[in-house]
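Heads up, the chain shows up twice below as structure tokens, two forms, tagged structure 1 and structure 2.
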Structure 1
């Protein structure tokens, strides 16, 4: 009945008539848009509104971000950890992507499957796995003590090292996939041609392959850094409260101190930074090509 009413209304208003198939297609297209508006955009708008209205109307919460020593310390810790974790992830991701691209077809499939398996595992499971391995009575410390290499357990987790280790483990697949998509577009004849002109293996890589892979390296670095900023579970479990990052600090403001204004202002600022980095990334590479879809 509703479809008949819409068709009748379209006819009476002079709009192009839609058949039943078109009506179903439009309904299927509008349904996810409505769901996104209700469950995603509306909460974001509420967060943005609270950042300007709690506890008083104005920009006080955003001024506190720059004036509060606690916020500056958390931002400094977050940027430092994100930079180190992104750099290490890119290094291992580049080496892994290079090895996959230059491996035989059979080994490419197995290596890519290993990357994807790591990509699919939950961040919570990875964090608990590192805790089981690296705690003071974990497998690594007990093995080192059994071999006589150490006298006392090494503190691998509940510190900044544990946070960076967990983040790198999670971020490597995000670095590998865009790098692989870029490396596969590089003509494989360039490096042998450089070798034929007298370049050493490292010289051919440094002066030919690396410059051609820079777009992939830049897109991977921005993508990895964006994901690193929002880490919450890994610092909370592997940091033990000694390396508080921005997402953990926002949760503390909202859940413990009930400072909703400052918490939402920090969340909104982080969102603006992510949008700005995505805009910058969009000017460098096409998003559909980032994972080899183009």
Structure 2
């Protein structure tokens, strides 16, 4: 009885009810975006505007990026370190993802556990561990000296090598996870089929598996490269001010020399590069699939 009453009531007010539902849905979807606009997108916009307005109105800050030799040096260092660190992380990440996807179930979960563990350990603790191991009076140098292999301690950190090592260590999991997500979608019968048709193990990998994993490889490389461009903590701690990367340089500009215009112009350029790369990536894979892996 009461059910019928409710049904007829809702039928008679069918249209307004729809409107109310729509209103609720729109509020739910948009309220978080409004909050993001106030506390996230507006600050980003401020970075952009400051880059055009301080100290004077115009494109001066961007012109300085190209004319300042200090900035050029930082950009060169950043690009060079990012490229090497991303390439090494991808190579290692690919190998690891390939091994995990093809390992037996029991080993698979152990390997995955290790990758996830390293993924989640704090970036500061990682940097600390590397410093403890590699500084001139650290464990590695002391051991090598004790064994008589070297006379003088080797300089492992507070240089480019230290930065790359720290970045690779941090980014391998970021390469492994999207690669694994992609490799899991590859039909496991293709490679045996290629083998059955006479391909060598390497031939089957090179001509069948690798091309099929290319979308994963491309999205992983763009993700890893995007992350490495913005790296701040690891270079700051392991680079020791010797091979300053872009993020650290921006922080220096803003905190020490108070050159907000220059700092925000560099930050905005960083943002442009990241979004351009994301757009390129968006053409290759759907954003949803890309982030589903993390």
Partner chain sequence: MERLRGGAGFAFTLCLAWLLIAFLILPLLVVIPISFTPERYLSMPEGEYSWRHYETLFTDRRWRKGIFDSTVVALGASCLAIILGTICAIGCWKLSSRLGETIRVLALTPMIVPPIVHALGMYRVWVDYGLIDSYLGLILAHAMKGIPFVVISVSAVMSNFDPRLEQAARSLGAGPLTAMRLTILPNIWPGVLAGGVFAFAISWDEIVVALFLTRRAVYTLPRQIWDGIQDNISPAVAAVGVLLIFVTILAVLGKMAWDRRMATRESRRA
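Residue numbers count along the first chain shown, from 1. Between two forms, the rigid core is defined as the largest C-alpha subset superposing within 1.5 Å. Everything numeric in this text was worked out from a predicted model, so none of it was measured.
Between the two isolated copies of the chain, the form predicted on its own corresponds to structure 1. The Cα shift for residue 58 between the two structures, taken after rigid core superposition, is smaller than 2 angstroms. The rigid-core alignment places the CA of residue 25 2 Å or more apart between the two structures. Core-aligned CA deviation for residue 35 between the two structures: 2 Å or greater.
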